[in-house]
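Listed next as structure tokens is one chain, alone, in the form predicted on its own.
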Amino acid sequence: MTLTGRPVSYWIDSTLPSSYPALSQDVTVDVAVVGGGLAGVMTAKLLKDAGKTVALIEADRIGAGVSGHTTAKIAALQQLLYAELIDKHGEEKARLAGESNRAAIARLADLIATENIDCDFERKANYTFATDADGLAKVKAEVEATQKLGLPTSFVESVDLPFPVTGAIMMADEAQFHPRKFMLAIAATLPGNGSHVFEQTRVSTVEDETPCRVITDNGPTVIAQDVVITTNLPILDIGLYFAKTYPQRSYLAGGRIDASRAPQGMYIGVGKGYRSIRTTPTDDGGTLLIVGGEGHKVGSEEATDERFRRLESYLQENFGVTAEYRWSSQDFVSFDKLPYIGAITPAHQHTYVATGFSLWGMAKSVISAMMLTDRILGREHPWADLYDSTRATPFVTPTSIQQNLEVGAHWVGDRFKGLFDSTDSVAPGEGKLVTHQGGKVAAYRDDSGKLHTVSAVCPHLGCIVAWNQAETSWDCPCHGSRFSCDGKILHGPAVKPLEQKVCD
């Protein structure tokens, strides 16, 4: 089966490119926000509305990163979350988690209404469904857990999908939107009166001083009293967030569906091979059906094109829809299923972080913005302890042990890959680890036969990258950095590209 979808996010394809300037001279503001996704844009907006001057700094374009590649469900019902939270953290903390997610949806809805933002915001019923007996038991346990916490859920025996289910948990009045339309509209309100938006400006480090200094690759510096890092995983290694989370990729495909046949809610399955399903209106009056799934840890899967093929087949076989778009996303899963929001370390009192959104970043981005705004303004916040970024980290859970053992295994074992291969063995359209003059090289030969060679050593912490066939990228299996075939950064935490290598 040949892939039919165009390799671009619908959210990016259906919006015009932004064109904010790069940082060209030193700037002084109250707060610098590093990362132009939903968490960064929302934080900058709330702070400016509170009277602070802000500088929003983005390495690429506003909303073009993870937030522009999500399913964009704004949900408090997050697959199977609350039974696990009760087990890990107790009822009170699980109840706060539910309340915070619900409050984030309400805050986002209020902002959209107040600012009159056209971003296809819709209230929708949200379902987690099962297709077998094992999944049904988990769904019923989630119904019991959520109702114990006072969340407005119910059990339903059927859903608006063209295949049988054994049951589902439903939460009414959740939401979905077009994330990039929203982010671009909010970003447009930021410049002026001492505030700025900068694109094409990569931050290399932050000096937590009085004031803080945000050092960029462009040369100039942003000077600020406080700095917020919202770069999916922090670009700063302090705080060890790369060891408190693990990176996971997910895949999406979308195609046109007749409105009369389109599912009316938002859906996600449980169990192995689950699917996420939603629709979105298109600007020409049509309806796009989006299906996601096929998740795996970054760099652990070579046949990534097979992931897209399975999603495209799912669209065709279950809905009669031909894929027009295909794209992927990435997030960092925290070991205790709660995000890290607050000071990056106890010793850093003016540098803040928001990370570990565990595949549900829309509501958690808004939670982060609400909390960090209060923190910077010196106000107490009811969720501060729950999401404390410096809380004790569960390094001894089965998941954390497995993930960090895998990092160690990759760091050592991947150095033996390609030990006896040379660039001559790389076929057109293939990416391969090879050895050249005793060094590990990541080699890709494009369809025209041109060879692209870069160092295979990730500049973040020295792991060996792996080839991603579907997206022609080099992905780090340890901490999720991704690079183009020519070594350019596609995804942090790396702040430097792969070193160029000449292999004659």
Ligand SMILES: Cc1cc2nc3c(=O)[nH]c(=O)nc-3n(C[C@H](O)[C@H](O)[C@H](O)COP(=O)(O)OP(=O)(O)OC[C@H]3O[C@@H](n4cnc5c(N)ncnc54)[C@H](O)[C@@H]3O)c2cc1C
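So that there is no doubt, residue numbering starts at 1 and follows the sequence shown. This one's a predicted model, so the numbers in the text were calculated from it and none came from an experiment.
Keep in mind that the form predicted together with the ligand is missing from the display, and what follows is about it.
> Which one, 114-122, 201-209, 83-91, 337-345, holds residues whose non-hydrogen atoms are within 4.5 Å of the ligand in the model of the complex?
Only one stretch qualifies here: 201-209.
> Exactly one of 190, 252, 170, 366 has a non-hydrogen atom within 4.5 Å of the ligand in the model of the complex; which residue is it?
So the residue touching the ligand in the model of the complex, by this definition, is 252.
> Give me the residue from 325, 387, 360, 241 that has a heavy atom within 4.5 Å of the ligand in the model of the complex.
Exactly one listed residue reaches within 4.5 Å, namely 360.
> Looking at the partner-bound form in the model of the complex, is residue 331 within 4.5 Å of the ligand by any heavy atom?
The answer is yes: residue 331 has a heavy atom within 4.5 Å of the ligand.
> Taking the shortest heavy atom distance, is residue 12 within 4.5 Å of the ligand in the model of the complex?
The answer is no: residue 12 has no heavy atom within 4.5 Å of the ligand.
> Report whether the minimum heavy atom distance between residue 443 and the ligand in the model of the complex is within 4.5 Å.
No - in the model of the complex, heavy atoms of residue 443 and the ligand never come within 4.5 Å of each other.
> Flag residue 66 as yes or no: does it have a non-hydrogen atom within 4.5 angstroms of any non-hydrogen atom of the ligand in the model of the complex?
Result yes; residue 66 sits at the interface with the ligand in the model of the complex.
> Using a 4.5 Å cut-off on heavy atoms, which residues of 69-90 contact the ligand in the model of the complex?
If the 4.5 Å heavy-atom criterion is applied to the ligand in the model of the complex, 69-90 yields 69, 70, 71, 72, 73.
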